[in-house]
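In structure tokens, the next block holds one chain alone, the form predicted alone.
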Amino acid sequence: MKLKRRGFLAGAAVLAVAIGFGPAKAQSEFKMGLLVPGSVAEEGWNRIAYEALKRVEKELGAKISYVELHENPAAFENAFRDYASQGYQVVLGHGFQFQDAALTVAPEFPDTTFLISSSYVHEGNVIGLNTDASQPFYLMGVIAAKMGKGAGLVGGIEIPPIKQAFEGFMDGAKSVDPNFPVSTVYIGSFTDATAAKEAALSMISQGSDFVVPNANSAGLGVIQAVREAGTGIGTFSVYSDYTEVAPKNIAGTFVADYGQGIVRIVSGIRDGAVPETNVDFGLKDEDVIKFTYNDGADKPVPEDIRKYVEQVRAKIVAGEIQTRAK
């Protein structure tokens, strides 16, 4: 990731006066806004962004704000425009679905940096922040194929980051057994936990003994289905730790400490160092992407498989294994 130096709009304080935010200050206040596709109260994807925003407030002393939105491109554009017109130096759209709206609005506000989660974009002041979930999902696929007979993947909406994660899982599984069966279902929602649960139960009934979600808050339905299925059915926590929900079924947890990565990038932007490329967090970023095991599971991952997975992880970090198409 390359950085470039850039100054911010000198008249930001004047703008603040014009829109009714009080007297102009000698130095404009650093502000960051957040757009999320749902509620920050729900554990999972949206909560990760909210906690990252709070870390920016605490660690960088920024003024922060967030807005919860439904899947509505027009609303995305309006929210981006509102924050930028109020002098927010950074606005984060938390999800690939915000990319087009940011690209539409960004040319109007060259002194605002628009960050887009789960995106590879880098056009002007629109910068993708991608957490390469294909890498930890590859490890999950290896474990599933080593321990199970078949796997099911339940996705929210079929967007590139989720497809890439699932492709990583399938590649990992097939690196162990080329004939290992993996089925995939997209429920068309990031909030419908009932639909996710039904999809998971269907997969279990058809022989999947690992069922893994990637569906934001809807993924909780998969965890519930696996718990109800009982002994012999495994899953992984994705983005948040759901071990307490299904302590006997969760084999491991993939958590992205997005806040650490966001603080790092936003701190640079505040100081005038804007990334010159999209930002790609991977297993090499041990402070951001973490994969841990659940020793309390009915079928914990055996030590020999853990050692093998660590060897695979090292090869991914070294670039010897590619988990997604470049």
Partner chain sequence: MANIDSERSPSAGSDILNGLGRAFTKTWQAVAMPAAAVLVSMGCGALLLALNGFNGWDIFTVMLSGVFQDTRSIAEVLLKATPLILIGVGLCVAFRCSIWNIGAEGQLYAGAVATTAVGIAFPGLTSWIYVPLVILAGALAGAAWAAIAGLLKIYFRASEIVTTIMLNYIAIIATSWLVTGPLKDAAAAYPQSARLLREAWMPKILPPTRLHIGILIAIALAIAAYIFLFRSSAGYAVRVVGISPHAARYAGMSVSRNILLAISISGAMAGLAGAFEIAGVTFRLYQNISPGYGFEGIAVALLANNNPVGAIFSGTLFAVLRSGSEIMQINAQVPQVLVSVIQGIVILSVVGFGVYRFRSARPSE
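Here the structure is a predicted model, which is why all the values come from computation and not from measurement. Positions refer to the first chain, counted from 1. Here the rigid core means the biggest group of C-alpha atoms that line up within 1.5 Å when the two forms are laid on top of each other.
What comes next is about the form predicted in complex with its partner chain, which is not displayed.
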query	finding
Answer option from Met147, Ala75, Val245, Val176, heavy atom within 4.5 Å of its partner chain in the model of the complex	Ala75
Residue (of Tyr186, Phe96, Phe180, Phe166) lying close to its partner chain in the model of the complex, criterion heavy atoms within 4.5 Å	Phe96
Any non-hydrogen atom of Glu68 within 4.5 angstroms of its partner chain in the model of the complex	yes
Contact of Phe236 with its partner chain in the model of the complex (heavy atom, 4.5 Å)	no
Contact of Arg81 with its partner chain in the model of the complex (heavy atom, 4.5 Å)	yes
4.5 Å heavy atom contact, Ile64 and its partner chain in the model of the complex	yes
In the model of the complex, segment of 194 to 202, 148 to 156, 84 to 92, 227 to 235 with a heavy atom within 4.5 Å of its partner chain	84 to 92
Residues of stretch 146 to 175 in contact with its partner chain in the model of the complex (4.5 Å, non-hydrogen atom)	Pro160
Large Cα move at Ser65 between this form and the one not shown, threshold 2 Å, rigid core	yes
Yes/no, Glu108 Cα shift of 2 Å or more between this form and the one not shown with rigid core fixed	yes
